[in-house]
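So this first bit is one chain, no partners, the form predicted alone, shown in structure tokens.
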């Protein structure tokens, strides 16, 4: 039995699963403060004889195993979680191997193993929700260097008619600051779900997201791009992305048909938690 944690900005999803990746039980716990959230996470996983745990966490996190802060959540805007020793807390409580990466890297791992990118050795998974982030698989392995990718904080060209200043506390008008769910709500004065009929909202969203996807495609050349997260539940976003991306690339490189190259998650909202189960299996094998 393996344990999995998908730690998001609004909720933790915890699961226990078997060697075939099947989820036996799962729960959701609100992401409040570590003193409230973590005891519930630990109590759930202690119910099962888990032999390893996989964690896909919101970030930034320290994934450098040679760093003294390996396993920590670091400079997150969620101040209660800054410098939180995530891996160390779980190791102390359960004393099993821990696999640790970002939530979007875990989702990319889930999708390349069982989802929309199954059978490929590369893909990019991007989530657009409370924040924006992306993880990538390159030559069958998670992309990681000095740290993990922070693709949600790239700079994009501002739309000439967009007066919104952006809400990223670090960069103001980076991609996340202009196009994540909270930015949509602040700019338009309503929740995304209440703006479904406003064409201009989703044309602007596609304008920003297409710029990001052009850069990711040019730099990483993934064989599949998968878009998840709450904002992507709006059906109007993908057509706007396709149109804007086609105009931006302007036939400079040849990509597959965009409606097949850029897809929704094959695992739906389960990509992250299934990826975390795979991460647990990898941690067990490495041990």
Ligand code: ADP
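Positions refer to the first chain, counted from 1. Quick caveat, the model's predicted, so the values are computed rather than measured.
What comes next is about the form predicted together with the named molecule, which is not displayed.
None of the heavy atoms of residue 45 is located within 4.5 Å of the named molecule in the model of the complex. A residue is said to contact a partner when one of its heavy atoms sits within 4.5 Å of a partner heavy atom; residue 182 meets this definition for the named molecule in the model of the complex.
In the model of the complex, the named molecule sits beyond 4.5 Å of every heavy atom of residue 152. The shortest heavy atom separation between residue 231 and the named molecule in the model of the complex is within 4.5 Å. Just one listed stretch, out of 63-71, 22-30, 231-239, 255-263, contacts the named molecule in the model of the complex at the 4.5 Å heavy atom level, and that stretch is 231-239. Only one of 89, 147, 193, 165 comes within 4.5 Å of the named molecule in the model of the complex through a heavy atom, and that residue is 193. For the residues 122, 211, 113, 130, the 4.5 Å heavy atom test against the named molecule in the model of the complex is passed only by 130.
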